[in-house]
Every structure is written in structure tokens, then in C-alpha cells.
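Next comes just one chain, in C-alpha cells: the form predicted on its own.
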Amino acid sequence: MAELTKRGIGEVLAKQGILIAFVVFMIVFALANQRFIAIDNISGVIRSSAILGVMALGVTFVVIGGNLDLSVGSMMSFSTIVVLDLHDKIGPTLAIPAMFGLTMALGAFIGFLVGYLKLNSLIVTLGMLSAIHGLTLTWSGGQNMDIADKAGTWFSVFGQGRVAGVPVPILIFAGLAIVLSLVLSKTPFGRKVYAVGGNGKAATFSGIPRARIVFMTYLISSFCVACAGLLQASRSLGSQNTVGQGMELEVLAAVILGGASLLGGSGTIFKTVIGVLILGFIQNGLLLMGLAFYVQYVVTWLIIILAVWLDIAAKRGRFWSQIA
């Protein structure tokens, strides 16, 4: 009986641990500071997490497909700088689709290298992280980018606007999450992504075009990065050319925290959203408790280690290795 109870608890933690952790974090921070549960604070946290969240939605596809994408931070810097630069040259109406095209071209290039040439995704995206950063600096001439007429442009609606009192970034984040969740869970393409990530060779023998599926996951990831770049540029109407530096680790932390396995084949969009919110509320809670902002980096690292450990433990059915 006791063994069955332990097994049941283990199964619940494996399947719903992320939701339990989210509730626990919210309760702890709410007890520590009542301002934490204020509507304005909650709305502010979700709004500030929207950019990270949009990027994490795309990376979820890549990770479920059995690969990694460490280039999203540099790619977001690139998309932000490009749309700000083109805004004053050709206008926002043309600058936005041009930025999406250029950003997704980078994603297609990465997808080609990983999917069709079957290169290691960690090495490819790590190299592209530096390459895209260099491309961004070349495009901007090493300078920060600002829109000349900030008061006279409608471009700010994406990052600063509201619809029925709800910030537009939250609506975009929620809308993308719903659409991509349906794609991943209700379409043949989504099932193929799970199959390729779970067992690539078996998927290939089953007639699934593995290279094309991997290619498409990176294309989706780059589309989400372009959306994040649009939100970032629209929110501030100006940007440093390193605005996305380091965000790839936060994105990966949110995706892993949401239950997506680094080995591929598992994960959901909904739980990635929860992972994003956990990171956002943890950072906010630490600041409200009076801790320095750089403590967040240590906490993020601890969360990544804990999430990976729990992921591996859930798969092997024990917390400790049998060898140990």
C-alpha cells in the first residue's frame, strides 16, 4: 500500500509538478509581500514576461523535436535592430514584413544545417549565436538604434498599446500560445514533431520526413523570435544592439521548467507558458523581497539544474542514479 502511494505521488509530481511548483511559489511570495498579488503587479509581470514567453513558444517546438536553439537571443537583437533601422528608412508598414523575412531566413538557414545536413544543433546554434551577433553589430555599425520621430509613429501600438484595457503584448503572447498549442496537439504536424523528437530513426522508417519537420521547427522558432523583436522594438522605440544577449538561457530555462525534455519527444505549450510565468514571478518576488537583481541569475541557474534533474528522475523512476 505504501509503495503504491509513493508511486502515485511520483506520477503526480512527474505529470503536474510544474503546476504544483507554480502554486507554491505564488503562495510563498504572496505571504512574504502582499504587493505581490496586486492586480497591477501581476499584470506588469505577465507583460514584462511576454517577450521571453513568445520566444519560448517557438523554442518549445525545437526542443520537443529533439534539438536545441541557443541562437534566439542574438536573433532577437538582430530583429529588433533591423526593424528599428528600417522604420525610418522605408516606414513601419514595410519594415515589419522585411524584418520578419530576414529573421526567418536565419531560422531557415539553421534549420537546413540541422535538419538536412544533420549537423549537431548545439554546435550549429552556438556558432550562429556569435555569427548573428556579429551581423547585428555590422548592420548597426556598432551603434544603438532609435526611431527619430517617436511621438509621430503608430509603431508603438505593439509594445505599448492596450485593447479593452489589456496590454497588447499579453494579447499577442496569449494568442500565439493558443494557436501554437493547437498546432502542436491537434495537427498531424504536431504529432510528427513528437515522433521525430521521441525516436528520429523510427520516425524516418515510418515515413515521416524528419529533415523537413526539424527544418519547420526552426522556422517556427525564428517566427516567434521576430514577434519578440517587434514587441521589444515597439515597447522602447529604441534599443541597444545587445538587447537579447543572454536571453537564450532564460528561454531554455522556461522551456525545460515547463516539462519539455532535453532528450526530445515531450512537452506542451501550456506548461511552457507556466514555466515562463514562474521565472517572471520569481524575479519579481525576489525584487519585492529587497534582494539585488543579480541574485536572479543564481536563482535561474538553480532552477535549470533542478528542472533537468527532475526531468531525468521522472524518466528513470528514481531521484538517484543506480550507479551512484
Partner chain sequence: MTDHTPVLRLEDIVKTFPGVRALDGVSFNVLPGEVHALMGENGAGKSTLMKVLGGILQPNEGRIFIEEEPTVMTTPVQAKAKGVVFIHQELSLADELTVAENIFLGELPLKSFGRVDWGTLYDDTNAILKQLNVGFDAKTRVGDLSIANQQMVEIARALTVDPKAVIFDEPTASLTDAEKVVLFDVISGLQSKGVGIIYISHRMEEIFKITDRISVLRDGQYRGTLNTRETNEEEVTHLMIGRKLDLSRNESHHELGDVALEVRGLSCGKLFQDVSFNVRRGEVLGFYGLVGAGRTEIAETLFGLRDPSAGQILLNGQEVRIKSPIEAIGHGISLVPEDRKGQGLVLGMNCRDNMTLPQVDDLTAGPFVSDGAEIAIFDQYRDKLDIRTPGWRQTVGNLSGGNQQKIVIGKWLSMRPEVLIVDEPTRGIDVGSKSEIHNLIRDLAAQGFAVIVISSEMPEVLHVSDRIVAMYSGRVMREFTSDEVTEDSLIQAISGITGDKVA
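Small disclaimer: the values here were computed from a predicted structure and weren't measured. Residue numbers count along the first chain shown, from 1.
Just so you know, the form predicted together with its partner chain exists too; it's not on screen, but the next bit is about it.
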Residue contact check: Q245 to its partner chain in the predicted complex, 4.5 Å heavy atom
no
Would L113 show up as a contact with its partner chain in the predicted complex if we use heavy atoms at 4.5 Å?
no
In the predicted complex, is there a heavy atom of its partner chain that lies within 4.5 Å of any heavy atom of V166, even though the partner is absent here?
no
Mark K150 yes when one of its heavy atoms lies within 4.5 Å of a heavy atom of its partner chain in the predicted complex, and no otherwise.
no
When its partner chain is placed as it is in the predicted complex, which of 180-188, 215-223, 89-97, 115-123 ends up with heavy atoms within 4.5 Å of it?
180-188
Heavy atom distance at most 4.5 Å to its partner chain in the predicted complex, all of I170, I172 and G175:
no
Though its partner chain is not shown, can you say which of A202, A108, L137, A131 has a heavy atom within 4.5 Å of it in the predicted complex?
A202
Going by heavy atom distances of 4.5 angstroms or less, which of M104, L237, A211, A195 would be at the interface with its partner chain in the predicted complex?
A195
